[in-house]
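The chain below stands alone, shown as structure tokens; this is the form predicted alone.
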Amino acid sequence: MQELLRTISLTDYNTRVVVLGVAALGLACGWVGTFMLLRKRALMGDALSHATFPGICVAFMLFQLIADGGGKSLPVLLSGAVVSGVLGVLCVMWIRNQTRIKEDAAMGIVLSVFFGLGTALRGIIQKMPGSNSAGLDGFIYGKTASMTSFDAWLIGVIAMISCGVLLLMYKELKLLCFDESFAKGVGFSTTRLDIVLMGLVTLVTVVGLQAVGLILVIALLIIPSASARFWTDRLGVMVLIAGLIGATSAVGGALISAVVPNTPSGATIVLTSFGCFLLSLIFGIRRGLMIRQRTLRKAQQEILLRAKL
């Protein structure tokens, strides 16, 4: 009980760092994921997250040779992840635009090829003399518990930038998500808006690698926004709810992982967000199962009443 109270009250410095870091990440993922979901690009985040793996490995190998054993520099690894992730998104867009292959198939191709390339490079790193790839596993599965203050500050800055851009371009992105043809008609470049949106997805995905890993980061982008869809029909409210669910899920998962021994933080965060999704699915006031059943039952009663009359 003392350990539980100590964790919830955020007495420990490490606990405060982790909680604040994942809260900022969950908020940013909820906001960005809402527009990505409405743009019908949900799987793009998955392809992007997997595409970052070879960039991390290449950055590690190059810096290992240059710095003579210092290949685990976080800024270097994240820079490699950004370059590789952007390259993966460009490959998806090129395949979609230049061939008859649909976007979902293109994302499946890029996702598997890039992740396979990263796995092969990781095998090469393990055989390099004087190198240790153990730290790279944290980018696959996440390492929330070992988050440093620098990691938390980096996540916080990226979250502020992402949310600020969304607020500044709210009307343009709203038009892009709901009426792309009208956006083109009034003079907006939908290609540029798509690039801005994918750039934000890239930013939150890359910083999210530290917390939940490249395999599970897509959950923080999709689950909170999908959960918010059950509560409202208004985009502004949906964005706020998605950010709240994302931050709450991240904080709740991190606290549960801190209290329960041998519990992976990234997986716990994802499971907590899934619990929020189930609650939204059942009790959502717009599209929840209970409200739909109530509406259906009411309609059936009205039909029976009219039939009697």
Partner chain sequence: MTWTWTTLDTWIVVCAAMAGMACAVLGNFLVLRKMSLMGDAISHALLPGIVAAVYPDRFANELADVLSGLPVREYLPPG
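Treat the numbers as computed from the prediction; the structure is a model and nothing was measured. Numbering follows the first chain given and starts at 1.
The form predicted in complex with the partner chain exists for this protein as well; it is not shown, and the discussion that follows is about that form.
In the predicted complex, the partner chain sits within 4.5 Å of a heavy atom of Gly108. The partner chain is not shown here, and in the predicted complex it never comes within 4.5 Å of any heavy atom of Leu240. In the predicted complex, the partner chain sits beyond 4.5 Å of every heavy atom of Leu281. Mapping the unseen interface onto this chain, Leu62 falls outside it, with no heavy atom inside 4.5 Å of the partner chain in the predicted complex.
With the partner left out here, the partner chain still marks one of 54-62, 22-30, 256-264, 242-250 in the predicted complex; by a 4.5 Å heavy atom cut-off that stretch is 256-264.
Along 277-307, a non-hydrogen atom within 4.5 Å of the partner chain in the predicted complex is carried by no residue at all.
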